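Before any questions on binding or motion, here is one chain by itself as structure tokens, the form predicted alone.
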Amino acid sequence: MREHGCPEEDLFSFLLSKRQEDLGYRNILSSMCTPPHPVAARAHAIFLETNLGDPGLFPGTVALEELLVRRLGTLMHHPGAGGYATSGGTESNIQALRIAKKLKPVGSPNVVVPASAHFSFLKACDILGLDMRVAPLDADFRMDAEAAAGLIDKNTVALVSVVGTTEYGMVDPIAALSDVALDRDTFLHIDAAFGGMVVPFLDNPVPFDFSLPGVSSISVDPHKMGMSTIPAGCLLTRDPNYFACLNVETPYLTVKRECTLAGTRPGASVAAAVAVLEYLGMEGMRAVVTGCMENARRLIEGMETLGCPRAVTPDVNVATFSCDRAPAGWRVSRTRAGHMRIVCMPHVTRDVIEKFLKDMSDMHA
């Protein structure tokens, strides 16, 4: 640390130089995050100093968190869902498995996840001492429900499935898995961190949420397709009382117990998430999602014209291809199987898609 402070002008010149080393989102095709909506940035600035970890000091911000849970719960067909704002899918997934483990205390607990599960479940199982059983995927990269059912036993505390897989943008057969969960009396957690803010706004959304009786909890990330500031996730539960099993005593705060994983929790990104939902409404979100899906279809069409076939037809706005190279200056990613992966987020506009396809064409010429 400096002995004497740095002049403000020098400080911000230094910070700006570091910021300019970051990549601009325009050429980033691999991220499931996107620049925040302008109303999100404006709301975030108003709530910069708020801390949901000491809720009695910030009752207005707490009310916004409750509104976020209510809005997302309603979107998931359960206005009375329990929930709280998390830092994102990783925290939500850890907390869901904590709940599941506490609801079913057994000697050697295990969870059943699809081979497409996000790496956060590796962290969760490591932290919680859970054996992770991996169910295979079908030809379309969706969880095999029958195989998953075969992995469940008396020590299984949770079954996990994904809505909008990170690698291929697929939605697992949630209706079938809901039936499995009910039949085997197993907690079913839906990782909809990405797809939870996509599928409800499609023309013919497949059931995946609390409308299915076997679904116990859902993770959703407003900082992805919800265009909030980072970090903004949310964990929702069918029974609000589930969170009671996570409570710890917090005697020196304005509340005497808390169920959250983090202590200090930002209120700014919660306000930002609410701002976007209120500003756009269902109609605005449908328009955003429709645009992203149309861009994904255009990308697939263009890539296949160039001789790069799709790996699968995605359920959400993630496109994957059998393609060895990407043009210079573009950031794409690779699945574990080696497919090129592109996420058509709101910043990946039609102009961006066309520029990428032109560069791909030039590279193949």
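No experiment lies behind these values; they were computed from the predicted model shown. Residue numbers here begin at 1 and follow the sequence given.
Another form, the form predicted in complex with a small molecule, is not on view; read the next lines as being about it.
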### Query
Using heavy atoms and a 4.5 Å limit, would one call residue 162 a contact residue for the small molecule in the predicted complex?
yes
### Query
Within a 4.5 Å heavy atom cut-off, is residue 31 in contact with the small molecule in the predicted complex?
yes
### Task
May I ask you to state whether residue 355 is within 4.5 Å of the small molecule in the predicted complex, using heavy atom distances?
no
#### Entry: Touches the small molecule in the predicted complex: residue 110 (any heavy atom, 4.5 Å)
no
#### Entry: Residue among 238, 224, 142, 265 with a heavy atom within 4.5 Å of the small molecule in the predicted complex
224
#### Entry: Of 156, 269, 93, 178, the one that lies within 4.5 Å of the small molecule in the predicted complex (heavy atoms)
93
### Message
Given a 4.5 Å cut-off on heavy atoms, tell me which of 130-138, 71-79, 201-209, 85-93 is the interface stretch with the small molecule in the predicted complex.
### Response
85-93
